[in-house]
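To begin, one chain is listed below as structure tokens, in the form predicted alone.
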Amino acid sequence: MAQEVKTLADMVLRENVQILDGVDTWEEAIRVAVQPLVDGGFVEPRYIDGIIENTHEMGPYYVLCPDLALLHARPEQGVIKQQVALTIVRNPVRFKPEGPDVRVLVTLAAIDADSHIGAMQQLAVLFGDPDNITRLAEAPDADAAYELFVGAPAVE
């Protein structure tokens, strides 16, 4: 069994936080959002394909609310090590024609069903307040976005 990750700070490296002007398609959004995890050796390149294939099959299951997507696929689709990446796109992307617009893309690489639950609870608290999503989307730079993201209250 994997060791439980209790906080976002345990799962997010600063180099996995990026801000982009925009992307042309939802597929490109997935590619650029997952690429830091590929580059860091946390997921195999096929993890990108897995999320795109899953989207074609099931729709954008990871769009949680306006402005927020939690990109993920199953661990067996290419996860090597547990990690999270944060990508902010200034010009929103739509994962289906009727929306909603998304500017904050959180990519989760989970090695199993349970070890990331603490970090996910912290994400739920962070994103339970829509103002926090807006603050992230409008962060002045990647350092500020990282601090906002990992500074979310831990869940006891």
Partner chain sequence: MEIKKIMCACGSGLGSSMLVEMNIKDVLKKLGREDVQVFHSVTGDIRLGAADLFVVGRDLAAFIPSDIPEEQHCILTNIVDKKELEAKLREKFGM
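On a predicted model such as this, the values are computed, not experimentally measured, just so you know. Numbering follows the first chain given and starts at 1.
A second form of this protein, the form predicted together with its partner chain, is not displayed here; the remarks below concern that form.
- Using a 4.5 Å cut-off to its partner chain in the predicted complex, not one of Val38, Ile52 and Pro92 places a heavy atom inside that distance.
- Of the candidate stretches 83 to 91, 55 to 63, 38 to 46, 24 to 32, only 55 to 63 has residues with heavy atoms within 4.5 Å of its partner chain in the predicted complex.
- Looking at Asp101, you'd find every heavy atom of it more than 4.5 angstroms from its partner chain in the predicted complex.
- Within 4.5 Å of some heavy atom of its partner chain in the predicted complex lies at least one heavy atom of Ala110.
- Residues Leu70, His72, Ala73, Arg74, Pro75 are the ones in 69 to 88 with at least one heavy atom within 4.5 Å of its partner chain in the predicted complex, listed in sequence order.
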